[in-house]
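The data below hold one chain only, encoded as structure tokens and taken in the form predicted alone.
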């Protein structure tokens, strides 16, 4: 299905010039764009690629001369990358999930399926589950007892949602997501070696055999509206209270949230982020890839953590942090510069030692 340049501009709230009735069927990078595709040229440094491709129209940066670039039409956006969110939404057909309930799906008679919902092959929906209107559930998903899923949800292949989990509207779960597995919570009859080390930061009075006893997870998971969770990510249920994710928060692939974790609104947690149990994350927090967060601490609103940061203690609101252990980014950068200077410093000290030694011998 094609889209005219006029329709694209209207959908993006952008301006357009040239042949506004020109139709495109998709989008592409400039060097590989076909004649029926819209080239994405968000910056002048990508403009040379147009000559290698066959695009007749492009999404351009403000002020670009579309005629000089050999185009028949152009869409202008003040923030091209943001415009891409609307453009890709317009052109994304979404997964092919037939309306209604597939013949191979197993739906408990007590479950409530909203109007216009689509339930794919081999889906299992347990007792008391409520699925909102227009929700789409792809093949091989499991929705356990008394779970609730809001309107317009998109749950892709192989997702598992545990009992009593409550999920808001417009939820997106990529393949392999598991929500509501038991928390990783175990205890020993006597004080464990881990507890002792937490208190002493290294010393142990005695090393002895210990066995672990499960603390069962009685809570569930509560997720707000407009949340997205990436492929193979996991969110554990709470021990007594629910693990919680606020409205608008986005989790990348292979993110792990432990039991009782609370994540605020509009957070962005990138791939391989791991947050240990009973930690609270504020609103609008951004954690780059491989950030690790210790248990039972608090990270304030608007914190930004650089890649592979390890957070071991509370972080105040608004701080930008980096490193292991986490510190202010500017301090970490200065520390790293100092670390890189160490070989030269050692060489200088060695030369000074030789000079002092010679002076001492001459005396």
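What you are looking at is a predicted structure, and each value in this text was computed from that prediction instead of being measured. Residue numbers count along the first chain shown, from 1. Think of the rigid core as the biggest set of C-alphas that the two forms share within 1.5 Å after superposition.
Omitted here: the form predicted together with another copy of the chain. The next part is about that form.
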| query | finding |
| --- | --- |
| Proximity to another copy of the chain in the model of the complex, single hit among 281, 269, 155, 245 (heavy atom within 4.5 Å) | 269 |
| 4.5 angstroms heavy atom contact with another copy of the chain in the model of the complex for residue 273 | yes |
| 4.5 Å heavy atom contact, residue 166 to another copy of the chain in the model of the complex | no |
| Residue contact check: residue 326 to another copy of the chain in the model of the complex, 4.5 Å heavy atom | yes |
| Residue 228, heavy atom within 4.5 angstroms of another copy of the chain in the model of the complex | yes |
| In the model of the complex, residues of 137-171 near another copy of the chain [heavy atom within 4.5 Å] | 139, 140, 141, 142, 144, 145, 157, 160, 164 |
| Core fit, then residue 353 C-alpha moves 2 Å or more between the shown form and the other one | yes |
